[in-house]
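Each of the two blocks below gives one form of the same protein chain as structure tokens; they are labelled structure 1 and structure 2.
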Structure 1
């Protein structure tokens, strides 16, 4: 695969990484330039450097500490519940073909449902607090974990189960030493997706209808014409999402690399 022409001493992967970094840096620089030269009016968007500056100031001054704590704990709760529930339900559905066939259409159409239209109803049900936010995060993230769990368990090769029996393993040992390691790549994908969905669910919920958190902060700043604060918060949300996803992605490829069959 890597036999294509390349600069001596630089692997293709490194070249891609640098190109990607350069592309992103170029785009940010372009935006900066457009804003500085007033092609993009300050009322529309402030320069990225100003966003970063304001973001650092907000964090250092502790102005948004409460919002950060609220969002982080809500996303954390939704993520933890989704991963545990999604794994348990996925394993259950995989073990019981009858149940699986029954819920298959439900899972298949789950992400077609625009759940945010129900969000106001959730607020009416649970009140204006953290609960509906966590609930929408869980509703969003759990099926992703379920689907990944089912896919992972489906793809444990039958011959590895036979090896477990040749080694006379107890069912628990088989799960710990063979089934889970074998399904690990899919489970990891499930973790990654669950995080993304929990994050989207919670932030979007805060944005639509809430009294706190980063999403609410953005909506509030927008309505009170605080452009600097709004863009600073957007940048923060963007960086957190990309940072966590990026870290998980790097970890995942590192795990996957040594297992990739060629």
Structure 2
């Protein structure tokens, strides 16, 4: 009985996965066909297979190793700082209603502010190095983690907190065993959004403000009419973003299944 009950769910999940794969593969093949038949002109876009070949060549030759290291380090630093700061500030705002009411309008309109105009100020504060780009990534990503943290803590059932008090849990044990597991779905959403915004902030900053990194490489290739290199770097950026988000999604799914079993 239990096997027959689980089978439809498994087949449904498998069907969704294969459907997504088929849609992506179909779009890539269509784009390949349009480029190969020159419906899309070579000066406009090269075939996806050519993008992949050029990307592999650039990596194997070590031509973009420094750019990869710079971008990965900047995104990693911005992501780590934004997650820690966003969680701490979100927890503080959730615990202090007056602070929360004060910052709610600011968070609601945060992404309407063009933060790149503050780049000269950041250069004056931190110097002409990677710190201004990391700061831009942090500024972009932190509010997403704050909002997800607030939403997650708001939805911790009150009965679980009462159970923790009945069992005389210390504040740390309550946080580790009750609060964080209950808020985990929203916190993982915050992780994924924080990575996306940190990645966007750093790449965009490199594109228009930096002298190195993958964003700078794309901009330089565009200005130099190096279509193959430009699209190869764009493909690499796309694959990195999809890969990290996919890894976070797999981690989230496994924790959700373990939580459901327990």
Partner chain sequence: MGDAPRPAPRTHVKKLGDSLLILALILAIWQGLYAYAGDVAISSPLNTFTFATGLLTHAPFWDHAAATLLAFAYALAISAAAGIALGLLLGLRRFAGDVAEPLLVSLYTIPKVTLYPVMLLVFGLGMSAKVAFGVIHGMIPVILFTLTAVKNIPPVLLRTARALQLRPLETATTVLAPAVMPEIITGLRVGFALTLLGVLIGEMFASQRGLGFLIINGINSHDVRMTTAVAVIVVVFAVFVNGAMLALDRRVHHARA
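Here, rigid core means the biggest group of C-alpha atoms that superpose within 1.5 Å across both forms. Everything quoted here is computed from the prediction, not taken from an experiment. Residue numbers count along the first chain shown, from 1.
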Have a look at both and say which one is the form predicted together with its partner chain. 1
Rigid core aligned, does the Cα position of residue 112 differ by 2 Å or more between the two structures? yes
Residue 253: Cα shift between the two structures after core superposition, Å, came to 3.3
